[in-house]
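In the form predicted on its own, a lone chain appears below as structure tokens.
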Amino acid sequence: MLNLDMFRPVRGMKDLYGADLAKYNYIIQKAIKVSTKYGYKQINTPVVEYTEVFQRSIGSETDVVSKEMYTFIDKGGESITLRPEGTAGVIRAIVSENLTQKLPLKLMYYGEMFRYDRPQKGRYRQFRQLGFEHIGDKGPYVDALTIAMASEILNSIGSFDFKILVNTLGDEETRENYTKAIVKFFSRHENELSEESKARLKKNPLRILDSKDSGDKEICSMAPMITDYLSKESGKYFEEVCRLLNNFGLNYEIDSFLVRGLDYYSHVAFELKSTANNYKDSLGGGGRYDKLLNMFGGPDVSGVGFAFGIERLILTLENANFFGEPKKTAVIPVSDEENDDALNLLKLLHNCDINAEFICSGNLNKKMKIANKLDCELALIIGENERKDGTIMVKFMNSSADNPKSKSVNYNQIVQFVKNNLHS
């Protein structure tokens, strides 16, 4: 017996089409427009990499590497992984494609990422991400500009509320001193920690601060803050970033317990979190990484980057009609005798950048029903009388008191008429 479950999407993965795909494309277009102003260019890396690319950069003790990666042995006996994030692949590409000669680089990317996680609202096992990397420059102004661009991208996408959280992870001296303090503190509360955090205490203690367990969160609220352990250099760097954010007029909060889930971050880390009623979660975030390029055999230069979860951005938009599929018109011949005339009209509309569908199956009533199913706003009908008179009968699919149900329009005026009445 046929197993229909085999013909459904894999759990945590979804098809993208219609209105959802239009939303995806809308977000990408807005992000490209803003990032281009800041000097970013696009890069597209493979969806699979050698597993070592992620183990080396993300950290073998992180949740991503230890629990969430889709890793398999290919037919050549190599360990291959579906990318769980975008930064590592971009850094690998800079080295392998000899782009280090062109540093500094500003690169943006978008596409599918994969993590084996519990599917939930805004979180899928195959998800789409939009990311940005600025490699080869270091200074507080670079961090501040990156955060400002992230904020501008969100503002360009739609009208929804979000807040900016910033923190510093400090330099190596800071991390070493803070890690000792954290281990000492959590060791006193080890029996109260979740099993996951107990394991982290031995392997990656800073990750306890990012625990979602309610009991862990309560303990974390009493933990030492990293700002009390900053080296002189780290403290000065973070103060300057905050000063520049103030100059940009950005509203931000310092969250002393904000950490990023990947090992390669240092110094400034940030997160953009939705405060909208329909979705209150992280939209994305990032920070500075100082050693990542060098890990792949490149020069010892710094980078800063961030990424947005596209599914999460879609969820935050308050106005459901903020971005829909483009409105279009239907070109309908009454009978086969008018097919050629209707096709000529279709070509005219397309040449004038007007979205139009050609509908020629069935009788006129059926054709109108098809136009309605296709969400056409106008129907341009050509029959025998219209051919003789040089006119087009325009039917308004969503008639109202202001718009009559139909109107005869001269053929030479039809393009302008459609542009005036087809809402974008």
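Residues carry their position along the shown sequence, with the first being 1. On a predicted model such as this, the values are computed, not experimentally measured, just so you know.
The form predicted in complex with histidyl-adenosine monophosphate (HAM) exists for this protein as well; it is not shown, and the discussion that follows is about that form.
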Item to check | Output flag, 117, 265 and 312 jointly within 4.5 Å of histidyl-adenosine monophosphate (HAM) in the predicted complex, heavy atom basis | outcome: yes
Checklist outcome for this item: Only one of 164-172, 299-307, 178-186, 214-222 sits within 4.5 Å of histidyl-adenosine monophosphate (HAM) in the predicted complex by heavy atom distance, namely 299-307
Item to check | Interface residue in the predicted complex among 144, 82, 153, 283, criterion: non-hydrogen atom within 4.5 angstroms of histidyl-adenosine monophosphate (HAM) | outcome: 283
Next on the checklist: Within 4.5 Å, heavy atoms only, which of 124, 238, 110, 160 is in contact with histidyl-adenosine monophosphate (HAM) in the predicted complex?
Outcome noted: 124
Next on the checklist: When the contact criterion is heavy atoms within 4.5 Å, does residue 229 count as touching histidyl-adenosine monophosphate (HAM) in the predicted complex?
Outcome noted: no
Checklist entry - Would residue 129 sit within 4.5 Å of histidyl-adenosine monophosphate (HAM) in the predicted complex, counting heavy atoms only? => result yes
Item to check | Distance check, residue 133 to histidyl-adenosine monophosphate (HAM) in the predicted complex, heavy atom within 4.5 Å | outcome: yes
Next on the checklist: Do any residues of 69-91 have a non-hydrogen atom within 4.5 angstroms of histidyl-adenosine monophosphate (HAM) in the predicted complex? If so, which ones, in sequence order?
Outcome noted: 85, 86, 87
